[in-house]
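Presented as structure tokens, the chain that follows is alone, the form predicted alone.
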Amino acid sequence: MPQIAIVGAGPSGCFTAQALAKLLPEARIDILDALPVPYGLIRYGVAPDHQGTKTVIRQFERLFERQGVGFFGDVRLGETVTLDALQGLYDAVVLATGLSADRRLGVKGDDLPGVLGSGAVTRAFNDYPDTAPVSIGEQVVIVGNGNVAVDLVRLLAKGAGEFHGSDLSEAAAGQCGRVRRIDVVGRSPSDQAKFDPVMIRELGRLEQAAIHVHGLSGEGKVVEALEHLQGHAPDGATREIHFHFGWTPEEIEGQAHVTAARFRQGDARLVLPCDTVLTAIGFEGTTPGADAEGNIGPGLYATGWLKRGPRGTIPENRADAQAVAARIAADLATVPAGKPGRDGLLDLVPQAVHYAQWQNIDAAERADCPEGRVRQKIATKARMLAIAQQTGES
């Protein structure tokens, strides 16, 4: 019986487990995560008002509830357990830990208080355990021309009554309620922006935001969607959204805090007064040098962003995971069985949070949510572990 460990319970890790369970139905598969809860980017990276995107969790639940995949939460690679120890227990180890460091703007002033990366903001709005709250002011500049930027715009432009059905905390909703103007600035011309036209059109349902689009050029579905937004002005609008295209960041101004963001376009300059700058220009980090099929070395593989860098959507990770799983299945065809796998891991990490314990955390979050929300995430690791230890099963 092949023994396989996957480090990282986000979409890449779960998609890889899905593909391996299909290719190697006799294998015993375990997913480990540094947090006491599964689902990673889906739980903490997807915008809290996009619950439809989070429904992929339902298919991942079947891994643990019907297909015998094990979950070991609160297990941090390199601290709770070493990579060498895992490789000693399992025939194959897959690293699916992703990349989460926000890319810096690389201009003067990008380290001023008030400059925040999209990842930091999204984690705070999603109640990532033990994350300090972020402070969003009244005048916000968002740098970026992709879907993460649109997520930030949509969240910050909503009024309190527009978060029904989300899992956004009341504290985060209060931060959004402070915003009065949002300027979205990208380097690309509008016809080369990386926005999903569907997400752009969604902004046309905002109830309290007037929308202005500057510098439209070219053709295509994104341009059409932006044209549709131009002039959106609901009665009683309390905030404004402005889109700007073709502007390169030049400097973030301020002394003790951000006061303005400066951009250039040829000889022209654009100066936007602001008290908050949010960067949505991608992520960075070190990848382990896997080949096209995810192989790093004997019995060791990478998948998702850790393998190919910070690009691609959640659905794109499925295809990547399937390719990695096919390589693992082919490699394990010539590997003799005999490693202890889960039995050895249970001895090594007896304090790990298991799937039944996660279900108790899940139930507590659903039971304790405010009216109009689908859950209230537990925001500290200590409280998660207390619930797991008091009511869970081991």
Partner chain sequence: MQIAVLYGTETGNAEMLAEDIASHLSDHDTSVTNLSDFDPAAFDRETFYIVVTSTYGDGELPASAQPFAAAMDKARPNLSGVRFAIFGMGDSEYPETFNFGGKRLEEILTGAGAERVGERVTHDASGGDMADDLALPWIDAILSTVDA
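Everything numeric in this text was worked out from a predicted model, so none of it was measured. Numbering follows the first chain given and starts at 1.
Only in words, not in the display: the form predicted in complex with the partner chain, which the text now covers.
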If you check His212, Arg178, Arg205, Arg311 against the partner chain in the model of the complex, which one has a heavy atom within 4.5 Å?
Arg205
Heavy atom within 4.5 Å of the partner chain in the model of the complex - residue from Ala85, Ala101, Val107, Val198:
Val198
Given the partner chain in the model of the complex, answer whether the residues Phe15, Asp49 and Lys221 all have a heavy atom inside 4.5 Å of it.
yes
Given that the partner is absent here, does Leu348 sit within 4.5 Å of the partner chain in the model of the complex, heavy atoms only?
no
Using a 4.5 Å heavy atom cut-off, state whether Val56 contacts the partner chain in the model of the complex.
yes
Against the partner chain in the model of the complex, would Arg318 count as a contact residue? Criterion: heavy atoms within 4.5 Å.
yes
Could you confirm whether Lys22 comes within 4.5 Å of the partner chain in the model of the complex, counting heavy atoms only?
yes
Given the stretches 56 to 64, 27 to 35, 323 to 331, 340 to 348, which is the single one in contact with the partner chain in the model of the complex, using a heavy atom cutoff of 4.5 Å?
56 to 64
